[in-house]
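Take a look at this one chain, the form predicted alone, written out in structure tokens.
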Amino acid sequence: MGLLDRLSGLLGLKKKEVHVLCLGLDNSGKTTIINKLKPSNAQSQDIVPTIGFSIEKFKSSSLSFTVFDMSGQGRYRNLWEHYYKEGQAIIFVVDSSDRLRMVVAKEELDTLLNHPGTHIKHRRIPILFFANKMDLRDAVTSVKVSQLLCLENIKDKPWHICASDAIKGEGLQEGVDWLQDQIQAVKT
């Protein structure tokens, strides 16, 4: 820990750390989004599918995020629930160009929201949705993604949906700003 880190910690200026779960089906762009949110000198050039999970870090203007990037492959989705307790927020990524798998994404979201434990169901945990891959020809709008996932039925948690293109980084900052505001509102 450097001198500036120690000094900022003593003065109470150190950024609060929050744990975020990044969920969604495989190939939705979760890892690409998280990679794009990291400082440019820390970004990976080659993105490979996540096996199991990985832990990444990035900072916003007032928070330090530790993100659990969870694999979206079918055989790994049952591992998600083991991390619910740690999460203070959720980023749920949807491939907006994959209409066929939108039904599966909705099923996974419903399973998450109705998990019998108290780690998600009974907490007012903010959920940020990225309707990703908006650059693709077959992409549907974020409004349509919201309808297909029935997000209007989520009444007990703050949620927000952003259209995004993870490769170009479009829509990501808007989402992180919203998430930061929601987390800070809960912490105060």
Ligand code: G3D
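Nothing here was measured: the structure is a model prediction, and the numbers come from that model. Residues carry their position along the shown sequence, with the first being 1.
Unshown form predicted together with the ligand; subsequent notes refer to it.
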Is there a non-hydrogen atom of residue 47 within 4.5 angstroms of a non-hydrogen atom of the ligand in the predicted bound form? yes
Is residue 25 close enough to touch the ligand in the predicted bound form, meaning at least one heavy atom pair within 4.5 Å? yes
Heavy atom to heavy atom, is residue 32 within 4.5 Å of the ligand in the predicted bound form? yes
Answer for residue 136 alone: is it within 4.5 Å of the ligand in the predicted bound form, judged on heavy atom distances? yes
Choose one stretch from 54-62, 144-152, 157-165, 122-130: the one whose residues place a heavy atom within 4.5 angstroms of the ligand in the predicted bound form. 157-165
